[in-house]
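Before any questions on binding or motion, here is one chain by itself as structure tokens, the form predicted on its own.
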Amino acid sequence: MTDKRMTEDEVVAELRSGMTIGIGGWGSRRKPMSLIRAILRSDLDDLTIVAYGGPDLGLLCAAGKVRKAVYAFVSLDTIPLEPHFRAARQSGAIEDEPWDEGLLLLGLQAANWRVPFLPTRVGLGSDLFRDNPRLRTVTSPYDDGETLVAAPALRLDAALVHLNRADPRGNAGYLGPDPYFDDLFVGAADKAYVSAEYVVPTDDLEPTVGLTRLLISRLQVDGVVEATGGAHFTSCVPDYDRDETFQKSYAASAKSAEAWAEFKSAWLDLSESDYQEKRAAEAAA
């Protein structure tokens, strides 16, 4: 069977500027941060990012990698609004396309089912139609004649997700409380890449995560990265919680250009192995 193991930099080498990239996870939870850091080290730019956003989107905005953000929210959870995203949005540095949480789910589901849209009542009567010109309504063809929102399919060029465990072929599962729609991001994408805390033999995967949490099928995955600590500084329970001290330091880097440059030099202008070694040393100090 095909061994799909890659490094973060090998994954990024398969991406291109101008792509629409979906990023799994939720807020500041189980984000594929080692893959995000690899994008930051690359020359990729002009990206459209689709996400239930957190520091993934914030970092990419701060680094000037984002042309357009398609999102339901952008939060650090314990810090309600992601500060680098906020700065980019308020300054007009990025194109802004806000969605409702349910609409984003339905847009990904429509892409999975290869239909142009899914009808829903989500968003009716809200300001989304003022702020998101992509949204349309449709009239039910049945006797009720109801007006519904048409959630357009969110097709992705690539998806990046982080799971707790994977095998070398791309099957992957989560151990925490929530799948965070990672399977929908993968299914909506032309290419999908999974990072995982540990890559284990296939025979060990199902007993580890159980059938109900075996979320991602190898049939949809193009690359697998073993990235222990790869979601840091977001949470990846039960492997580890969010690094709140680090997150506060990251949020503070949005206060000025000088603060961002200092944070970037200290933590982002590093290889992934150097990043992990440095953060482990600071945690042990």
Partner chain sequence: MTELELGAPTRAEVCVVAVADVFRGDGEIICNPIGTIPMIGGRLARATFEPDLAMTDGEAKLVANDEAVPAPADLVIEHFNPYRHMFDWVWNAKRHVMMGATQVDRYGNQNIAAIGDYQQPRTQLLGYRGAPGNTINHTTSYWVPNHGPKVVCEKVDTVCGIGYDRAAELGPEVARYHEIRRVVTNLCVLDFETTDHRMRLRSLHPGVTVEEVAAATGFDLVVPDDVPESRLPTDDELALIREVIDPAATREQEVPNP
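Residue numbers count along the first chain shown, from 1. What you see is a predicted model; the values in this text were computed from it and never measured.
There is another form of this protein, the form predicted in complex with its partner chain, and it is not shown here; the text below is about that form.
- In the model of the complex, at least one heavy atom of Tyr174 sits within 4.5 Å of a heavy atom of its partner chain.
- Residue contact check for Gln90: one or more of its heavy atoms lie within 4.5 Å of its partner chain in the model of the complex.
- In the model of the complex, its partner chain sits beyond 4.5 Å of every heavy atom of Asp143.
- Heavy atoms of Val74 reach within 4.5 Å of its partner chain in the model of the complex, making it an interface residue.
- Taking Val122, Ala111, Val199, Val209 one by one, only a single residue has any non-hydrogen atom within 4.5 Å of its partner chain in the model of the complex, and it is Val122.
- With the partner omitted here, the residue from Pro152, Pro179, Gly187, Pro168 that has a non-hydrogen atom within 4.5 angstroms of its partner chain in the model of the complex is Pro179.
- Residues of just one listed stretch (256-264, 64-72, 225-233, 41-49) have heavy atoms within 4.5 Å of its partner chain in the model of the complex: 64-72.
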